[in-house]
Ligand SMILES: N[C@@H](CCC(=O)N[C@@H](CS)C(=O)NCC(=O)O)C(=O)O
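A lone chain, given as structure tokens: the form predicted on its own.
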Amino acid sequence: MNRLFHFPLSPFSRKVRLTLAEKRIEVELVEERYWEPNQDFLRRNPAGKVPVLRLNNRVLSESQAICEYLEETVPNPPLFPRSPDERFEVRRLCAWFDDKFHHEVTSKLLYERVNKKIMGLGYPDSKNVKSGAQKIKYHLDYMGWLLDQRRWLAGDLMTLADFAAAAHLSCLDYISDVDWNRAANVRDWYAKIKSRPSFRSLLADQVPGFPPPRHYADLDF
């Protein structure tokens, strides 16, 4: 059985889940409390991070590497364009969300509000929460600017860049930390992503002690 060791509100896990579902690769989801000592998990990934994908007796780690491996081994439907310039733009935006957005927003909002409590690390740092709430405005505005020029974030086709962005925003939407009224085109873009069959399992996620808002699973917001 192919298995994905993940955590429901890990944006990196969600990016891989979306890619697997889009390519119709069936896996068993195994929730991994990666912050707890677990030698079996560390043998799968010495970095101690999720996601880890066990696929056809191979063990794969690091979300971007996993997604690109899936793209190369299961090319249809494609999540990368053909030209080198367009592929570069997809990779640039994946890095934007998995690095810059994650550092400035996800880690300041989701990790402070949810992860700290789950991991028993105390209360949210109000300075971090305030910083994340401020920085997300810039990122939403940037996404709005991109979508003014393009149908999707990286160009005219839906790509892994859209999944990387949606993975982070869906985690933040679970805790009502996205102002969808800030940019109408970003809201419309997310509605298209959210309505895809590959998104269904994300909308069904439940984290004990943190019920999602009513709009979270509503395809019409």
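The first residue of the sequence shown is number 1, and the count goes up from there. Remember, it's a predicted structure, so these values are computed and weren't measured experimentally.
This next part talks about the form predicted together with the named molecule, which is not shown.
Heavy atoms within 4.5 Å of the named molecule in the predicted complex are found in one stretch of 150-158, 173-181, 187-195, 62-70, which is 62-70. The three marked residues, 12, 48 and 111, each reach the named molecule in the predicted complex, with a heavy atom inside 4.5 Å. Taking a 4.5 Å heavy atom cutoff to the named molecule in the predicted complex, the one contacting residue in 17-41 is 34.
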